[in-house]
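Next up is one chain by itself, shown in structure tokens, the form predicted alone.
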């Protein structure tokens, strides 16, 4: 059951993983040697940068635009849920929907949030001039992916359709801005490591 769809999804994931790894190695370039004197802990810096530093209180954009920040959080949490659904189906293709009403509703809400960001980008006088095809296609693909995930969780469409849409999104990840699924945490790790080493992170000790 779902053998062909699972093979397609697995192939897309292998393609994405291989290309993302190559892109990361090419972008990394070995990194720069840090000549500063150690004044703190790299591990503490990384931990801080993945915890307290991600708090809305530490982000000016989140404080000034709490609604947009919340919409973005809903979208990203929806993607995590949809990806977990794909993983479950890859492991156990006969698995029934996990929690049809709550998860299906949440994925629909996340799809609506992503659609809002898509429309906002198109009509924003500040965002539209700096947006290109990739910005719109990425938002569109994620919105469709979340919407299909919602319909599958609500048992409106079959698992095969959901997996095939997931395969398309996975294939596109290394080709556009969706590659930040890897580059964002890697960059955050590297920043935390460096600033932790210099004693700059964790911040706020002298405040």
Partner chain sequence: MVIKKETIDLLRPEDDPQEATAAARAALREPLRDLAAYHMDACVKCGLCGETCHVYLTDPVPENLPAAKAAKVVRHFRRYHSAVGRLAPWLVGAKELTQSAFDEIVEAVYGRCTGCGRCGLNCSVGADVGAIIRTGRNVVAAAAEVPPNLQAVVDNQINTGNQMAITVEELKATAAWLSEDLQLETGDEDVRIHVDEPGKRVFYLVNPREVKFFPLSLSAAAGVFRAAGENWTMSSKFYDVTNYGLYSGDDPAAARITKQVMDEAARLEAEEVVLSECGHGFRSFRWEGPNWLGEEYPIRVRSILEVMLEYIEEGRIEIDPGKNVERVTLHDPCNLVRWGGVSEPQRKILAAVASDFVEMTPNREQNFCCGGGGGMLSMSEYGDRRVQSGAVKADQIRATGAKIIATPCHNCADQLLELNKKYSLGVEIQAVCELVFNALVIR
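We call the rigid core whatever largest set of C-alpha positions still superposes within 1.5 Å between the two forms. Positions refer to the first chain, counted from 1. Keep in mind the model is a prediction, meaning the values are calculated, not measured.
Just so it is clear, the following notes concern the form predicted in complex with its partner chain, a form of the same protein that is not shown.
In the model of the complex, its partner chain sits beyond 4.5 Å of every heavy atom of residue 14.
Contact between residue 191 and its partner chain in the model of the complex is found at the 4.5 Å heavy atom cutoff. In the model of the complex, its partner chain lies within 4.5 Å of some heavy atom of residue 130. Its partner chain is not drawn, but in the model of the complex it has a heavy atom within 4.5 Å of residue 24. Looking at 133-167, the residues that come within 4.5 Å of its partner chain in the model of the complex, counting any heavy atom, are 133, 134, 135. Superposition of the core reveals a Cα shift of 2 Å or more for residue 45 between this form and the one not shown. Annotation for residue 191: C-alpha shift of 2 angstroms or more between this form and the one not shown, rigid core superposed.
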